[in-house]
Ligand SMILES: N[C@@H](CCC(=O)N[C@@H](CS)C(=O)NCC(=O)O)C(=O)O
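Just one chain is shown here, as structure tokens, and it is the form predicted alone.
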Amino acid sequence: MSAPVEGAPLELFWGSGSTPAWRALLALHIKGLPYTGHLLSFSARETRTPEFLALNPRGKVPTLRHGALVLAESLAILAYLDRLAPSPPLFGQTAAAHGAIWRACLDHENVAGPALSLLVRPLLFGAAPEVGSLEVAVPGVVDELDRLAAAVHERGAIVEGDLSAADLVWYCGLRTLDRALTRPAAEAHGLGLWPLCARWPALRPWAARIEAIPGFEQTFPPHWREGTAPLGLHLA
């Protein structure tokens, strides 16, 4: 692995609506790190150009370039940025917090994220969902959001009291679910989940903390602003 060049600019290659890319953008802003963002179009297949594939052969965003160093995978990028600029910490200040934050991140990646995707993918990206498939997915989503709401109600954040990588990971996933639940197909199925903060009011102040990160508006997926659907977290 190449080392970054001292004083080299940070560059982030990202895509609008990519939840992993959104995490990386939020991390850069919570750290106050200057960077150059390269917004790639999925529809124009800009993640499949020879130039981008030379950086990341998997053709995925986010991809971070820091001098000679090129790093993919959002959690790896968050960990790198945390070492690059240790304050405020994204992965805690104690061994216990460090482990708890990683557990919460991986809990989302391995359990909650797939549960939410059973609603998100057909509503945002797929054809008409199979009859009954959305309704079957609802109990798993409810269970995950019950756990999240209980944690942030007690602590104001997922781990201890400070915002961490875990909050960025879960928030971006939750906002994508929120967007999916505003689609006409969701309303037609009467899933009873939206607006999220009506059912889980503890999510409102927690989301507001993340949305108060300086520069948050710059991280918001640009194409989400083009629709007219309302937002279902603290703005609802």
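Start at 1 with the first residue shown and count on from there. Every value quoted in this text rests on a predicted model; they were computed, and no experiment measured them.
One more form of this protein should be noted, the form predicted together with the named molecule, which is absent from this view; the next part is about it.
- Of the candidate stretches 39-47, 207-215, 173-181, 192-200, only 39-47 has residues with heavy atoms within 4.5 Å of the named molecule in the predicted complex.
- Although the partner is absent from this view, E73 contacts the named molecule in the predicted complex, with a non-hydrogen atom inside 4.5 angstroms.
- Not displayed here, the named molecule is kept clear of T219 by more than 4.5 Å at the level of heavy atoms in the predicted complex.
- Taking the partner from elsewhere, L64 is found to have every heavy atom lying beyond 4.5 Å of the named molecule in the predicted complex.
- The closest non-hydrogen atom of H29 lies beyond 4.5 Å of the named molecule in the predicted complex.
- Contacts between stretch 148-175 and the named molecule, counted in the predicted complex as any heavy atom lying within 4.5 Å, involve no residue at all.
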